[in-house]
Structure formats: C-alpha cells, structure tokens
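Heads up, what comes next is one protein chain in two forms, each shown on its own as structure tokens, labelled structure 1 and structure 2.
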Structure 1
C-alpha cells in the first residue's frame, strides 16, 4: 500500500477514475450484450436495490473517511502537542543557571530539528529500521538524559523541576504516539468491502440505466 499512498493527489485521482471507468465500461459492455429482453424486469428489480446499495456504500465510505481523517487530525494534534511541550520545556529551563539552560535548549533544538528533518520522513516509510535508526531517537535519548539529570538537582526549585520532567515526558509520549500512528494500517477489509459495495452500486446503476435505453448517466 505504501506505493499507492505515496502517489500525488492528481495521479491518485486519475488512477481511481481510470479503474472505476474501466470496470464500469467492461460491466456495461458485458451487461448490454447479455441482458437481452429482460431489460425492463431487471431494471425494475435493480431500482429497488439502489437505495440500499447506495446507503451501504455511503455508510462504509463515510465511516472510512471519518476514521482516517480522525487519525490524520490526531497526528496533527500530536504535532501541536509536541511543539507546545517543547515550548514549555524551553520556558522552564530559562530559570536554571545559564550553563544548564544552554545545555537543555541545545539538546531540545537538536531533537526538534531531527524530529522535523528525519523522524517525519522515517515515520512515512514502511521500513521499521528507518524509524529505529532515525537521528531523532538518539536526540530524544540525549534530551531526556540532560533534562532529567538537571531537573533532579537540589538547586532546581521543585516547580521548575516538575515542569521540566513533565514536558520532557510529554515529548516522549508524543513521539511514541506518533510512532504508533505511523505503524497503524488502514483496515483493508473495510476498504475492500466499501469497494465491493461501490462496484455493486455501479452494476446496479447500469441495470437501471440499461432499462431506459442507450442513454447513460454518471
């Protein structure tokens, strides 16, 4: 599926129209040559199924679109959360001795840079090794190490220490959640079911169309 989801929207749309068009064309040619004198009877029977098949297709596709869009929105929301957690950590580190502030922020900057340049690319590939070897993994480890080490020191007031620990933990959680989303697959069975419902609807529509003669409508 990776190759398919990597396609640009134009190509994806053309491909979908092409496949659906081919199937519809072949089905039309086949039905037209075989339907013979039963055109009226079949057409009336097919018209009765139109609502049911249309609803089934709409429900299935609606469910899939909603589910996939929710995942996309969740991922986008996690990106926002990552940004917010990074911002909280940066602000919290401000009150540390400057040498510590610089260390925390340097590692935070490195993690965010790696996250943007490497992690998102790795999440998009189907190669699990690419995710494990992403520089973001090592950057996160270094950020965690410095952040928790400094936060645990006695000279850091507890409110700052808590803020640092919480925001670092939040960054870790977000990365794990993004990884989880990246690894999740669309339910192929549901997609298949939806496609079958769609094709059944097309064929059914062809019966209805053939009832009224040679005139076709999309």
Structure 2
C-alpha cells in the first residue's frame, strides 16, 4: 500500500471519488434495468438493513482512521524529539572553540537538511537499499563521527561532552524509530473490509432510493 499512501491528497481524493462514482453508476444502471416492478418490495427489505450497514461502515472506517491517526501522532512526536535533540546539540556546541562549533553545527545542519529532503522519501520506499544510500544516512554517520570525536577531547568539560553524546544518540534513536514507522503498512484487510461495507451501503441505498424514482436515486 506504499504507492497509495504516497499519492498527493488531491490525487487520492479524485481517485476515491472516481472509483465510487463508477461503481455507483454501474450499480444504478444494473439495478434500474433489473429491478422492474419489484422496487417497492426490494426497497422495503433494503431499508431494514440501512442502519446495520451504516453502522458497520462507520465502525470499520473509525478503526482504520484511528489506526492511521495513531501512527501520525507517533511520527509527529518523534519529529518533535528530533528537533529538541538537534537544539540541545547546537546549544552544547556553542561553548566549544569556534572551529569545533563550526564543525558540529555544519554537520548538524547538513543532516537536518538531508533528513528533510531525502530521508522521508527514502522511508516511504520499500527498498531497504534506498534507505542505506539516503544522504540523510551518510550525514548521520558524519555527524556522529564529528560529535563523539570532539566530545572525547580533553578540553571539553564533562557536562558539555555528555550533552553532545546524549543528543547525538537521541537523533540516532529517532531516525531508527522513524524508519520503523515508515516500514509499517496500512492494514490492508481492514481497508478492504471498509471498502466492501461502503459499497454494500451504496447498493443498499440505491435499492431504497429507487422506490422514489430515478431523480432521487441519482
């Protein structure tokens, strides 16, 4: 489902409306041509199922939305942690000699830029090699090397050294957790059940609406 979730929102909305419109149109044409004089009887029978089908569709869709929203909130929380860790590392490096400060902050800036421009795209790919070859991965290795090397120097006080090492480790952990989230997929079975329930609701509603004529059905 990666290809689906990577689509722009506008394209996803158009695709959903197009598919629903085609299925609804075909269902209307088929039912209108076959139902004949049994509209009233079939409509009354279908009306009894409207509440059940509507509730089933709402429950399944609610579970699906809640699942994806929980993933979104987790990703947003991790991005917040990444920002906090980057801020702590930048702040800790301010007390270093100017050359060391420039090195750390240049690597930090390069990592954040690469993470924003390449990592999220790589995370959305099912190709593990794309993640390993992402500029963000290389920038993280360089940032780790510079940060831990400078933090281990004798002239760096222990509090600054610990802050640099902890914030760098936090950045690494956040990237690992983001990669784990990106590897998760939308629950396909639940999506299919929601779609089936939705289409069943549409067809059932057509049975009910056909009792009142073509205009209301359309």
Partner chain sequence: MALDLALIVGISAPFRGPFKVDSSPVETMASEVQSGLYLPWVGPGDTLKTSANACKDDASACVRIGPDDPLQLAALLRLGSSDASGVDAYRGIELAIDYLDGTFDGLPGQLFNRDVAVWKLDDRCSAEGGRSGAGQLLNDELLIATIGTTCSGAAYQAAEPLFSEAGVLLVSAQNTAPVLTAKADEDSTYFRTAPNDLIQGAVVADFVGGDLGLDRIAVVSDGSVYSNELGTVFERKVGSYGVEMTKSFSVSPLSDFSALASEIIGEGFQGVYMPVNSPVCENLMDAIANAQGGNQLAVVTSDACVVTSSVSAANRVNAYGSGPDVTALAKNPFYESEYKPAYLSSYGKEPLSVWNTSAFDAANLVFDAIRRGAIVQSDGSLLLPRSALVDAMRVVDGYEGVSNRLACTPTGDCAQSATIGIFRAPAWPVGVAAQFARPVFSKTKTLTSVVRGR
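For clarity, every value in this text was computed on a predicted model and none was experimentally measured. Positions refer to the first chain, counted from 1.
Chemist: Of structures 1 and 2, which one represents the form predicted in complex with the partner chain?
Modeler: It is structure 1; that copy is the form predicted in complex with the partner chain.
Chemist: Decide, with the chain treated as two rigid parts between structure 1 and structure 2, if residue 51 and residue 133 are on the same side of the split.
Modeler: The answer is no; they move as separate rigid parts.
Chemist: Can you give the angle in degrees by which the smaller rigid part turns relative to the larger between structure 1 and structure 2?
Modeler: Comparing the two forms, the smaller part rotates by 15 degrees relative to the larger.
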